[in-house]
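Here you get one chain, nothing else, as structure tokens; it is the form predicted on its own.
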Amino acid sequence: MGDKTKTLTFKELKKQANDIRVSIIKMVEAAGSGHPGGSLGLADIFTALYFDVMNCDPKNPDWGERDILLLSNGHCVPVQYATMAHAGFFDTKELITLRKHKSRLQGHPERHALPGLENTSGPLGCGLSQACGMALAMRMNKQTNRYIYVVMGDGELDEGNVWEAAMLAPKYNLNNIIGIVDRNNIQIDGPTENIMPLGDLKQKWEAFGWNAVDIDGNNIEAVISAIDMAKAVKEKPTVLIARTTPGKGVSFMENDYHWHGVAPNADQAKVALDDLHELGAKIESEHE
């Protein structure tokens, strides 16, 4: 059976996202490598997905009626590992093995290594195509109540494969696909608009036949609300253009593309954890 009970308040979800950010800093610092910027920025979205939105069961990750989450920008997998561990898929103690030899938690997800991972991603641009194939298979199997969530980076949209899949999904009305573009405006070499201008992404996806919605990707309530509305759209797939802050919650990392793929050293990690502990205290003091 699935685990779809929504028991956490928005305040509790925010606390959970902050705990996930703490884990990201600890695991990337221990690994000495990794991608903290995008991972920190995506913590609210992944919290919303695993703790509220998705129909899944951490104790039965291969459950046949589960929803699917595909991480296309696989370098951001620290946020997925951390969220899965906090959600109960595996022990949080294992997070410290990130990128270690023979660890199940490699620098990019490998679906056979860890129950609950749905795709292997390293080469960018493949997630939406994978989602299209899965959605068509679900249709063949007459599974009408399952959703596929595919998280993509904005820099990843430079890949042509994304737009091939973006054309295919509306053609076959794959309305059980909900795309989420992490619009954090950075990639490894600099700001996205300097590397390859993306322009008005909402308008661009609409031109490809999608229902496109701009949202604040660091507002958990907004993410959940947008997904609920996306499920009501039956005539086309939906993509959420989720504006996020890279390095969210860590003062010296926020909006700095240099932290796209660089791990903090011990001193920097201490500052980062202090920032997050302060943020956690602020969340704790908030009224519901």
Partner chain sequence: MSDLHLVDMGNELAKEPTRKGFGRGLLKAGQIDENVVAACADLTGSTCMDSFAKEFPERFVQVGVAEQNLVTVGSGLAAQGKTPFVSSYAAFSPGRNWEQIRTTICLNNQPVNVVGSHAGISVGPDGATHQMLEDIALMRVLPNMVVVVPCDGPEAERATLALAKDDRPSYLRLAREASPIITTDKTPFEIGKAYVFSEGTDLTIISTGTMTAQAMIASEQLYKQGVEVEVVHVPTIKPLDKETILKSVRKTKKVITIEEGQVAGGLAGAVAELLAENYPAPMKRLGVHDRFGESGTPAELLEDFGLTAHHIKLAVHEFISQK
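These numbers were taken from a predicted model, which means no experiment stands behind them. Positions refer to the first chain, counted from 1.
In what follows, reference is made to the form predicted in complex with its partner chain, a form of this protein that is not presented.
Margin query: Taking any heavy atom pair closer than or equal to 4.5 Å as contact, tell me whether residue 208 reaches its partner chain in the predicted complex.
Written below: Contact check for residue 208: no, nothing within 4.5 Å of its partner chain in the predicted complex.
Next item on the list: May I ask you to check whether residue 129 falls inside a 4.5 Å heavy atom distance of its partner chain in the predicted complex?
Entry: Heavy-atom contact with its partner chain at 4.5 Å: present for residue 129.
Next item on the list: Check whether residue 197 has any heavy atom within 4.5 Å of a heavy atom of its partner chain in the predicted complex, and answer yes or no.
Entry: So residue 197 does not count as contacting its partner chain.
Check: Taking heavy atoms and a 4.5 Å cut-off, does residue 92 contact its partner chain in the predicted complex?
Finding: Result no; residue 92 lies far from its partner chain in the predicted complex.
Check: Pick from 157, 212, 85, 134: which has a non-hydrogen atom within 4.5 Å of its partner chain in the predicted complex?
Finding: When its partner chain is considered in the predicted complex, the option within 4.5 Å is 134.
Note to self: To verify the annotation, which of these, 68, 31, 220, 227, has a non-hydrogen atom within 4.5 Å of its partner chain in the predicted complex?
What the structure shows: Of the listed residues, the single hit is 68.
Check: Want to guess which of 175 to 183, 199 to 207, 94 to 102, 118 to 126 is within 4.5 Å of its partner chain in the predicted complex, heavy atoms only?
Finding: Partner-contacting stretch among the options: 118 to 126.
Margin query: Check for me: heavy atom within 4.5 Å of its partner chain in the predicted complex, for each of 253, 263 and 277, yes or no.
Written below: Contact check failed for every one of 253, 263 and 277.
Note to self: Suppose contact means any heavy atom within 4.5 Å; which members of 153 to 185 contact its partner chain in the predicted complex?
What the structure shows: Going through 153 to 185 in order - heavy atoms within 4.5 Å of its partner chain in the predicted complex - the hits are 161, 164, 165, 168, 171, 172.
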